[in-house]
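Listed next as C-alpha cells is one chain, alone, in the form predicted alone.
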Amino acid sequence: MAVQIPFATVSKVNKTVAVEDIFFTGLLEQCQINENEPEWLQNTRQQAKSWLSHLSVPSRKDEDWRFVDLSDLTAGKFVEPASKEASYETSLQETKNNRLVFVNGTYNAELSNVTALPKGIYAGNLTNLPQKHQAKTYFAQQHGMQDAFTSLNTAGGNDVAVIWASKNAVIETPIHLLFITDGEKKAAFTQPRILVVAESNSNFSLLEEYTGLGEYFTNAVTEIYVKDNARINHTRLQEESTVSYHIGKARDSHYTISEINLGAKLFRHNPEILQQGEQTVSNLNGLTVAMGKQTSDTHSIIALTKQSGITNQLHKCIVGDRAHTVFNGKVFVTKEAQMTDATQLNRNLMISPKARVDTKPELQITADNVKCAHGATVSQLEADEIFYLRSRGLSENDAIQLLIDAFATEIIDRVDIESLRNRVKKTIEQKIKEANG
C-alpha cells in the first residue's frame, strides 16, 4: 500500500557518498550539479545519492522488471551533452505561446515562449520560480522517490521544469513542456525533472513531450500535486528516437492523463497515483504502438485511500514485427476507501505472429463496499473483418490500417489538442506502413 512519507530526513549529507553500482557511478560522474541551487535542493540531491549507494540496476530477478532486459542499456556509454542549443519546428500552433523547451536537460529561454500565460500561473525552471522556497514542500517528497532510477534523477538532475498554478487560476490553452535530446555525435544522457503544483480551484491542461535524435538515455521524473477542486488534463507524448532508451516516472493525487508511446528502443513508464481526498476522480488513458524490436513497458500503481473515489484506466497496445509490450497495473483499495468505483482494462492488438505481449492487471482490496473490475484482452485482426472491408473495395493494407485506426482512436480522441491528434494518427499510420513493407 502506498502512503505519503518524507523523503529528505536530514539537513546535511556528506558530499563524498560513494555509489558502488558501476552503471550509476558512470552516469553520476557525467552530471554537473548547479552550485547556485538552494541549499535544501543540494541537500536533497545528496540524500538521493546516499540512497542510491545502496541500490543497483534492476534485473529480471526483480518481479517488476522480469519481462525487461536492461543489458543493452547498461552496456552503453552515455555522457551528459555539453550543448544546450537546438532548433525545433512544431505543428502544434495551439501551444506556440505557452511552450517551455528544455534542450539536453536544460531550460532554453530562446526556444521557449510563455507570453500567453495569465496571471497566477508560473511556467519556467526552478531557478526563476518566485516561491522557490515553497518547492521544498513538494520536491522529492512522495513515497516511491527512493527507487533506483528516480534516485538517480534526483541526485544528478541539473534543472527542474516547474508549473505552478495559484488558487483559482485558469488557462484555456495547454501548457507545452518539450524535452529535446541530441545524441547524434555521442550517446547522450539526460534527466528531465518536472514539478507541477495545482492549488485549489485551479484548472489547466499540460502537454509533456519527449523527442530527440541519435542514441541517448532519457531518465525522466514528473511529480504532480493537485489540491481541492483543482483539475489537470495531462497528455504525455513519448516519440523518442528508435535507438534511444526512455525510463519515466509520474506521481499525483487526482487528474486525467492520456499517454501515447510511439518511440524509443526501450521504454518504461511507471505512473503512480495516490488519491488522498474523498470523491476524487482519476482517469488513465494509454496507447502504445511498438514495432520492429521495440520494448515498451508500463507499470502503473493506483492507490485509493478515501471513500467515494473513482478511477478509470484503459491502456491499449498495438504490437507488430518482433516488438514486445508489457502492462502491469496495480490498484490498491484500502479499508478506508469505501464506496470506491475502480475499473482497469488492458487491450492488446497483435498484428504479427512474432510479436509478444505480457499483461498482468491486479486488484488488492481491503474495503467491503466497493465496485471494482479489471481485465485484459489479447487479440489479432479478424480475418472476416478484413474480408468484409476488402469486399467493399479496400486493399488489404487499407483494410488493416482502417481496423488499427479504429482500435487506436478511442484513446487518441481523448487528447484535447487537435493538431496533436492529427500528428499522432499520421505517425501511427506511417509506422504501420513501414511494418507491412
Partner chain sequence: MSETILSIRNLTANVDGTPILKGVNLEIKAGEVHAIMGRNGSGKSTLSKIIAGHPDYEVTGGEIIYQGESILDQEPNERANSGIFLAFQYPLAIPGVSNLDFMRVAYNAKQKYLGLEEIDTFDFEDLIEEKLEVVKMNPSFLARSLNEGFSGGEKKRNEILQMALLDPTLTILDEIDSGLDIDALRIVSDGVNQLKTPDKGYLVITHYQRLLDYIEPDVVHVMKDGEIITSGGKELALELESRGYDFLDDKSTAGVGV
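Numbering follows the first chain given and starts at 1. This is a predicted model, so every value here is computed, not measured.
Another form exists, predicted together with its partner chain; not displayed. Remarks below refer to it.
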For this session: Assess the spot marked by Y388, S391 and L402: is its partner chain within 4.5 Å of a heavy atom from every one of these residues in the model of the complex?
Result: yes
Problem set entry | Contact test in the model of the complex: A373 vs its partner chain, heavy atoms, 4.5 Å | no
For this session: Evaluate D384 for contact with its partner chain in the model of the complex, applying a 4.5 angstroms cut-off between non-hydrogen atoms, and reply yes or no.
Result: yes
Exercise. Would S395 sit within 4.5 Å of its partner chain in the model of the complex, counting heavy atoms only?
Worked result: yes
Exercise. Out of the stretches listed (44-52, 373-381, 402-410, 22-30), which one is close to its partner chain in the model of the complex, meaning heavy atoms within 4.5 Å?
Worked result: 402-410
